[in-house]
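As structure tokens, one chain now follows by itself in the form predicted alone.
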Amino acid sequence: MSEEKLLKVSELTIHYHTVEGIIKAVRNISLEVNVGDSLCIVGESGSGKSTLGLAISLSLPKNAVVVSGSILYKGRDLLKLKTSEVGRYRGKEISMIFQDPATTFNPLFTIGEHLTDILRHHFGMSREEALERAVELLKMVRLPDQARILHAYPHELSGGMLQRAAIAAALSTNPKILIADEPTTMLDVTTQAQILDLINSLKRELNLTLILITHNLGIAGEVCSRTAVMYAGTLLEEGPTEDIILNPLHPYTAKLIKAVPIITKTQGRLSHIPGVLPDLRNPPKGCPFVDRCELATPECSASQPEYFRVGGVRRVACILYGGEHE
């Protein structure tokens, strides 16, 4: 795998302005993604992982405010782009698949109209060229009977077929980075496995750099070589996925792993994490997991833990670990 830096997120902080107050959704996040990487961002709902994905893909909603930090893509800070420059990156260099594939498509247009519009807009293709490429894209995502699907409206396709069509749309611009935000959550178990296998295959075939957002560490183990664990807007642990699953460092990561269902004869009731996420309108001063952590000490409440390097390739924000600060 190439070690060329493709993406570097530095000290990123994002707030949402709502009628109920300011929600501090992402707090001082830093991470790097190399060319060809597959990175999973894992955490419970409300951890900030989707907000991070939206920021990288330049798709934040209007009530989101980037308070500080930078997102460097090929050395260019995406947060400082002029409005006229955003279209060169959003949906083209960096493309995103969403949890609900229906959000990708306008229900008034067919799948074929949607795909050909993208291709003609970005590449100046003729209608015939765009249709030919659209068929190739549907074949790429393993959709049969491409002619029928091109003429189908979104509601006429099953959830799995519509998600494949959404993947085709995301790949139609030949992106360098593909961000998949919980792409299997709304699908049945069998279809979930098929979609994950498809994403894995396309990542290899197209030499994509993949960022997969999920709440399930089991999915991370199947798809990604590296994993970043988020909680309450912060990054708690990062490293090779296999290492994190076999030897979790942060107490939160350990509890996440115990909550992953494993089909064995000996498994009993699934573990769960007692308590709730902190209120991100007024997040705790110390470790955000302190109120749910059985190993917490008074020091954990005093200040946000620094990152410690462990084994050279891992980092964790927890006072249980000494050694080299990041």
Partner chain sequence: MPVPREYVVKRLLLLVFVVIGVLVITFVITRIIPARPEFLWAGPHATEEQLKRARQELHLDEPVHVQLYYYLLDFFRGNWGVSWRTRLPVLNDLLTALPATLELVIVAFLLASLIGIPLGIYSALRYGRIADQIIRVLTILGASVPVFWIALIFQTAIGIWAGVLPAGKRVDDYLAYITGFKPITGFYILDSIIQGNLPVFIDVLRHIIMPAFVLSIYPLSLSSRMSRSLMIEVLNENHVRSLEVWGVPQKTILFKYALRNVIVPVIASLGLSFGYTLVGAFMVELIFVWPGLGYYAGMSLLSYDYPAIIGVVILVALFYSLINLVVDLIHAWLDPRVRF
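Bear in mind the structure is a predicted one, so any value in this text is a computation, not a measurement. Numbering follows the first chain given and starts at 1.
The same protein also exists as the form predicted in complex with its partner chain; that form is not shown, yet it is the one meant from here on.
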inquiry  = Can you work out whether His121 and its partner chain are in contact in the predicted bound form, taking contact to mean some heavy atom pair no more than 4.5 Å apart?
reply    = yes
inquiry  = With the partner left out here, check for me: in the predicted bound form, does some heavy atom of Leu280 sit within 4.5 Å of its partner chain?
reply    = no
ask   = Though only this chain appears here, would Ala169 touch its partner chain in the predicted bound form if you measure heavy atom gaps against 4.5 Å?
value = yes
inquiry  = Under a 4.5 Å heavy atom criterion, is Ser84 part of the interface with its partner chain in the predicted bound form?
reply    = no
Partner-proximal stretch of 85-93, 69-77, 132-140, 203-211 relative to its partner chain in the predicted bound form, 4.5 angstroms, heavy atom = 85-93
message = By the heavy atom within 4.5 Å rule, which residue out of Cys293, Leu54, Cys300, Val33 makes contact with its partner chain in the predicted bound form?
response = Leu54
task = Could you list which residues of 121-157 come within 4.5 Å of its partner chain in the predicted bound form, counting heavy atoms only?
result = His121, His122, Tyr153, His155, Glu156
